[in-house]
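Heads up, the chain below is alone and in the form predicted alone; it's given as structure tokens.
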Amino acid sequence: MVAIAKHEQDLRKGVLVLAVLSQLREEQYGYSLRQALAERGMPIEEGTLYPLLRRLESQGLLVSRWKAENGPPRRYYALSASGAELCRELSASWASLTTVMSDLLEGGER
């Protein structure tokens, strides 16, 4: 039997950056981002999300700031201008890729 879980995990890894960027068009803190992704069918472990957020920020794709509103201080993340541009480009690539894959999976003709 083929280990489908490993292949599904590989597919998810490939789209994780785009999934995170898509949810940071509006400022969010880590937990709210995790919740937003999980509610839309893309659960992500803390041990994956926070290193990814730090990496995207170090690449200049995200900006962050600390805010304390009626509770403990939280680090909020949002897209930088470069991150917004990358999100648009990756979204276009994703749309093209899903079209190609749908065609391949349905056995369509060229």
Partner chain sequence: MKPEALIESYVAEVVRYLPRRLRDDVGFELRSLLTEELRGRAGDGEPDTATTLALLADFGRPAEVADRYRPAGFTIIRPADAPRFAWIALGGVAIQWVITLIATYTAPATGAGDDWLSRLGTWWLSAGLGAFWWPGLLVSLSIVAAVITARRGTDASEWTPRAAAGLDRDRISRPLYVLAIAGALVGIAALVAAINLATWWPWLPQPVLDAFVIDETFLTTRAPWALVLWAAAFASMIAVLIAGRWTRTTRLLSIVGNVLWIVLLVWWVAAGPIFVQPAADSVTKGCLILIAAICVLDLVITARHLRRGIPEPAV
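As the structure is a prediction and not an experimental result, all values here were calculated from the model. Residue numbers count along the first chain shown, from 1.
In what follows, reference is made to the form predicted in complex with the partner chain, a form of this protein that is not presented.
How about G41 - does it come within 4.5 Å of the partner chain in the model of the complex, if we only consider non-hydrogen atoms?
Heavy-atom contact with the partner chain at 4.5 Å: absent for G41.
Give a yes or no for S80: in the model of the complex, does one of its heavy atoms lie within 4.5 Å of a heavy atom belonging to the partner chain?
Output for S80 is no: heavy atoms all beyond 4.5 Å of the partner chain.
My question is simply whether G60 lines the interface with the partner chain in the model of the complex - judged by any non-hydrogen atom within 4.5 Å.
Contact with the partner chain, no.
According to a 4.5 angstroms non-hydrogen atom cut-off, is E26 in contact with the partner chain in the model of the complex?
Because no heavy atom of E26 falls inside 4.5 Å of the partner chain in the model of the complex, the answer is no.
Could you pull out the residues of 16-40 that have any heavy atom within 4.5 Å of the partner chain in the model of the complex?
In sequence order, Y29, G30, Y31, R34 come within 4.5 Å of the partner.
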